[in-house]
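First comes one chain, alone, set out as structure tokens in the form predicted alone.
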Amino acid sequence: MSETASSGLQHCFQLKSASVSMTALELYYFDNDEFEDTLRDKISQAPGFFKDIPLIISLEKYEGLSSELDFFKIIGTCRRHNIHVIGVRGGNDDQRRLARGAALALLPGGGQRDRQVDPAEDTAETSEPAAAAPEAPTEPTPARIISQPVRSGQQVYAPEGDLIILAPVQAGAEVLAAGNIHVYGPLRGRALAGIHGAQSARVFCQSLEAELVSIAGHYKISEDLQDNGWKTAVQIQLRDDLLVVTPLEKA
């Protein structure tokens, strides 16, 4: 008898919820040669960031013909560059049918997400309005506080609130948060704030030396960041879909 069986476990696995940082490739039209050239150029800017990442193809702004979409070519091109396409977001019925044929997961687009329905809404016109219950005060989501250096290869994740790091983030490390990221020391690794889409999230650090900074999916790599505020105390925020770096004393 195996150790698993003898320990009293009845199943060989369990399903648990997980929050994973994802990168979306927003596709406007598809041409196989141009797609690979553009992908190769993006990878050359930050090869470490793209290696073995899961990728979502977003069709929410796709303007090409559905007949031009070839998900098998997209998957093959990405695999040659160690990128793994796992699903499609948005798209019309024909486009999602093509994605399903390529064994890709189907994710809802921005306008397709399910709305929670209150059954009482169906009888709202014929029922007497209920007295409004007093709202209980809600406590803010506590920040996750890290007091030790985040070393190369480590990942620190705050799935619901801010992430506060009272030490350096070393090159090769990754810090992620649903809200803001505060680094009271040099930020040398990768920082991804607003990972669930919060465009108001910001990144604060005492010395900007990052490999990559991302807010709500918009990112800049080290070469771009060095143009402004490099190795100084800054905050980084999203304005009009662009990351803006501002010295902390002028914030």
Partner chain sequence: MGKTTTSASISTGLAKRGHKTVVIDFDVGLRNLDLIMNCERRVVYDFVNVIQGEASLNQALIRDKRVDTLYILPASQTREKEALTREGVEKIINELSETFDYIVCDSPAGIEHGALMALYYADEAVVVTNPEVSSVRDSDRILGILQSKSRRAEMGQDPVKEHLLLTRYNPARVEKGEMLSVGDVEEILAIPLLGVIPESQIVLNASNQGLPVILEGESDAGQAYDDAVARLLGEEREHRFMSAQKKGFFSRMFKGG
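Computed from a predicted structure; not experimentally measured. Residue numbers count along the first chain shown, from 1.
Another form exists, predicted in complex with the partner chain; not displayed. Remarks below refer to it.
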Legend entry - Residue contact check: residue 151 to the partner chain in the predicted bound form, 4.5 Å heavy atom: yes
Inset, instruction - Give a yes/no on whether residue 171 approaches the partner chain to within 4.5 Å in the predicted bound form, heavy atoms considered. - result: yes
Legend entry - Residue contact check: residue 188 to the partner chain in the predicted bound form, 4.5 Å heavy atom: yes
Legend entry - Proximity to the partner chain in the predicted bound form (heavy atom, within 4.5 Å), stretch among 75 to 83, 89 to 97, 175 to 183, 151 to 159: 151 to 159
